[in-house]
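The chain below stands alone and is given in structure tokens; this is the form predicted alone.
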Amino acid sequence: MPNSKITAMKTWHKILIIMFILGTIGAALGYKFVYNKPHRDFEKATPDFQITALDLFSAYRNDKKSAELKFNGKVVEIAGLISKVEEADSLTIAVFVMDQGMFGDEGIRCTMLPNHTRAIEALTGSEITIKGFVSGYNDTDVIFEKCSLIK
């Protein structure tokens, strides 16, 4: 009888060691292929749509649901008159003002990539083209992230 208990304990130890090794390998593979995967380069991404800033804003204002289905989560290139540039913490935001609402300017807000902040500040009041990732519409502004200036 004592030998069977020792054999059973050895078997459980082997099973636990194998489970630990498999768990460690699984965690390492998960880190390598999921957590550590390279991020999309929005600056070099090909735009899914090219549209004027006014047409994009109008699409969201007139039919929010269909515009969200069409543009949200896509890289979009917009052209229009940049009204102003805002600073928020360490972010630079290019603003295309399309309308005046109850709470101020309404339009398109584009959070610029860090290497485009100086160039965008000098272009206030100019016709420009910007490419970025559309993250949504908050009933006053179309929100772009990771934007770059197209020359």
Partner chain sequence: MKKLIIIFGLLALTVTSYSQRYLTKNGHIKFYSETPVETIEAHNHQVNSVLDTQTGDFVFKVLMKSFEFEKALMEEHFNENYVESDKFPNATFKGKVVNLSDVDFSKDGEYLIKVEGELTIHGVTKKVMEDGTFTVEGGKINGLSVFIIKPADYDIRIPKTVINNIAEEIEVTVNISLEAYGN
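C-alpha atoms forming the largest set that superposes within 1.5 Å between two forms make up the rigid core. Because the structure is predicted, anything quoted here is derived from the model rather than measured. Residue numbers count along the first chain shown, from 1.
The form predicted in complex with its partner chain is left out here; the points below concern that form.
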request  = Answer with yes or no whether residue 37 is in contact with its partner chain in the predicted complex, where contact means some heavy atom within 4.5 Å.
outcome  = yes
Open item on the list: in the predicted complex, is there a heavy atom of its partner chain that lies within 4.5 Å of any heavy atom of residue 138, even though the partner is absent here?
Closed with: yes
According to a 4.5 angstroms non-hydrogen atom cut-off, is residue 63 in contact with its partner chain in the predicted complex? no
Query raised in the report: Quick one: does residue 125 come within 4.5 Å of its partner chain in the predicted complex, counting heavy atoms only?
Result: no
Its partner chain in the predicted complex has a heavy atom of only one listed residue within 4.5 Å, and of 82, 120, 53, 93 that residue is 93
Taking its partner chain in the predicted complex and a 4.5 Å non-hydrogen atom cutoff, the residues of 46 to 83 making contact are 64, 68, 72, 73
Next on the checklist: Rigid core aligned, does the Cα position of residue 44 differ by 2 Å or more between this form and the one not shown?
Outcome noted: no
